[in-house]
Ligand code: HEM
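Coming up is one lone chain in structure tokens, specifically the form predicted on its own.
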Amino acid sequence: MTTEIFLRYIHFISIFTIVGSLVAEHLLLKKTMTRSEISKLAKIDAVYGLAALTLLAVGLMLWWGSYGKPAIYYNQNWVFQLKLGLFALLGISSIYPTVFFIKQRKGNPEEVIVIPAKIAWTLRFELLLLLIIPFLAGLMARGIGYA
């Protein structure tokens, strides 16, 4: 019981960290930024990535580790499958901004870089996914989607 509570706590903290870092990235993003500013975004993005990996690891432990509901409950729940698919899409979507930030942070810190509009739209898409995923989690917790 104690392990399950600890894992669920880490799961929630990871979710809050993902949301906070993604919102921070979106709010700090401008059409043009210095490499120094991009370096700060890269650090926030690293926190985002670490939180996503933590969320995935803990989520897998909760799914397969016999904590709470049995794995069969999740395996046969289409809402869970959709939620997992959207989380995967979130991860795939985050690759482009991450690679851009890593590549552009190096060089003269005062050099101004034009940020492609696709970066902002990708972050907005990720935020949209983050609005949908908890809704699906709530449905799933109520037993909706279980075959």
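Numbers for residues come from their place in the sequence shown, where the first is 1. The shown structure was predicted, so the numbers you read here are calculated from the model rather than taken from an experiment.
Just so it is clear, the following notes concern the form predicted together with the ligand, a form of the same protein that is not shown.
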{"query": "The ligand in the predicted bound form: contacted by all of His26, Phe101 and Ala117, heavy atom 4.5 Å", "finding": "no"}
{"query": "Location of the ligand contact in the predicted bound form, chosen stretch of 31 to 39, 101 to 109, 87 to 95, 117 to 125 [non-hydrogen atom, 4.5 Å]", "finding": "87 to 95"}
{"query": "4.5 Å heavy atom contact, Ile10 to the ligand in the predicted bound form", "finding": "no"}
{"query": "Contact flag, Lys43 vs the ligand in the predicted bound form, heavy atom cut 4.5 Å", "finding": "no"}
{"query": "Residue contact check: Ala141 to the ligand in the predicted bound form, 4.5 Å heavy atom", "finding": "yes"}
{"query": "Interface membership of Gly20, the ligand in the predicted bound form, 4.5 Å heavy atom rule", "finding": "no"}
{"query": "Those residues of 118 to 134 which, in the predicted bound form, come within 4.5 Å of the ligand by heavy atom", "finding": "Leu130, Ile133, Pro134"}
